[in-house]
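A single chain comes next, written as structure tokens; it is the form predicted on its own.
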Amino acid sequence: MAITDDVLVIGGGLAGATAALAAAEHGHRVRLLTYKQSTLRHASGLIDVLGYTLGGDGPLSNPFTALEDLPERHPYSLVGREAVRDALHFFDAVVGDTYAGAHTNVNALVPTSSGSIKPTARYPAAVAPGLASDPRDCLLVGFATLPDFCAPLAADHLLDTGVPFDVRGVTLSFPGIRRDDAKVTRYAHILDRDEGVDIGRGTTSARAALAALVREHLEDEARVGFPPILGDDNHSVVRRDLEERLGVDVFEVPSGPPSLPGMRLEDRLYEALEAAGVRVTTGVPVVGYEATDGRIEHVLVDRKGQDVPYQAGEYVLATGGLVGKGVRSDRDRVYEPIFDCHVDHAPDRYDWFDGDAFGDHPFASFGVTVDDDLRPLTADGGLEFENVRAAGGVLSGYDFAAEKSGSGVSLATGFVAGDRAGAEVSR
């Protein structure tokens, strides 16, 4: 017997979680299926709507003014500018005061761990004191056992961008950690629990030891930036404690994976899913489906070697793009592996790339083509299935890396796909 819900969302990243939450707003039974860890754990935690035009112009001050100029089949063009705004409002309600940026349409300029400046629409509250538009001088602190963030180099790169403040970087030894391969969560948990650490002349608490270490290097700076390791469960307490001990604002500099800001966002979204009554099934792959008269009847999920049918009236496909393996390729073709939806691509694989490493690569926009209702289309423009919508990285028609639009597209299309799936069930 099939496990039955009203709406079934496949994929547990930002697009999938948002789609499930939006569908649940209609009061239906919603289930979210996810196989592997979501890409949120590797994301910066920033919500980028649009940082650059397709022609590379930018960084854009107001992303909404540029949405009107995007191509007709761009995901933002399909859902419309107001839907993008609605999705951001929806996100703001879910994350509450853990995020900032809702007060303005203008992109914030966020320094990254490489010393570049990233335009973004929403950012964790812990990032706010570090914005590049803030004229206050800044000290960046890195740790010898965290080689991914070289604070002196990041500071030099920031100065090269022309930021309106002085910035220095120092590399210190994190109190209590000697291993080069310690996970970032180990740093966070030491600060979360304020563990006792040996400082050579006795034991003291980790936060006190870290503050004393940084204070020796603090000159006239009004703010101090750390890599994103300032606690997990007690993140806001850790940051406030360090601010009180140092007497300056403390912020985190977003960095690459694994990402504690991404993990914190994932935790917040899944707390919201639980509160909304969404059933979450994790660690199981979708391995097949049955369809009748152009509609999905059920999908088959591999549970310990047995194919178990999961049935719903409406489905949302939010499995990610090439990175998330929601779109795959081999030597002969590019394909979508769950429903085998059409993915438009040149027959010759050498046409999938540009000869210039920094050129306009067709593979960057690979994905399923959808209609105005986000339903996947066949090669000749017909509907793949009447009751399937697609959202997020699995969509074609945009280059998230070049545009700096990945999380914004996931949020907007996830919100619209989930909302329309829920509305369809209500009819």
Partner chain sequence: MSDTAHPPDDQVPEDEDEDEFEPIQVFSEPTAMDLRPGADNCYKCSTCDTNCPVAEVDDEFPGPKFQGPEQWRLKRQDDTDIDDSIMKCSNCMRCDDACPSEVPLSQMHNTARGEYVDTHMSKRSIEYWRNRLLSNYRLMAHLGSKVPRLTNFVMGLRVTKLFNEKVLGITSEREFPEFATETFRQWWRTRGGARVTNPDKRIAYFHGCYSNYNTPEVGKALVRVFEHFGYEVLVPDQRCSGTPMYANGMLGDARRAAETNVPELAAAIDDGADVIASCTSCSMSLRQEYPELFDLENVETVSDNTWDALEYLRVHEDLENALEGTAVDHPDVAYHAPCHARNQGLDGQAVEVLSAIDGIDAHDVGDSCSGISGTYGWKDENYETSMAIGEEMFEHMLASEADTGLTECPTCSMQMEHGTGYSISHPLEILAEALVGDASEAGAA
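Positions refer to the first chain, counted from 1. Quick caveat: nothing in here was measured; it's all calculated off a predicted structure.
Form predicted together with its partner chain: not shown, discussed below.
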Pro135 near its partner chain in the predicted bound form, any heavy atom under 4.5 Å? no
So in the predicted bound form, does Gln37 come within 4.5 Å of its partner chain, heavy atom to heavy atom? yes
Does Thr204 reach its partner chain in the predicted bound form if we count a contact as any heavy atom within 4.5 Å? no
With a 4.5 Å heavy atom cut-off, would you call Gln306 a contact of its partner chain in the predicted bound form? yes
Could you tell me if all three of Ile3, Ala182 and Thr185 have a heavy atom no more than 4.5 Å from its partner chain in the predicted bound form? yes
Work out which of the listed stretches, 392-400, 64-72, 41-49, 378-386, brings a heavy atom within 4.5 angstroms of its partner chain in the predicted bound form. 41-49
Since exactly one of Arg279, His157, His345, Lys118 fits, which has a heavy atom within 4.5 Å of its partner chain in the predicted bound form? Arg279
Of Val284, Ala144, Ala93, Val106, which one comes within 4.5 Å of its partner chain in the predicted bound form, counting heavy atoms only? Val284
Between 320-349 and its partner chain in the predicted bound form, list the residues on our side with a heavy atom within 4.5 Å. Val323, Lys325, Arg328, Arg331, Asp332, Tyr335
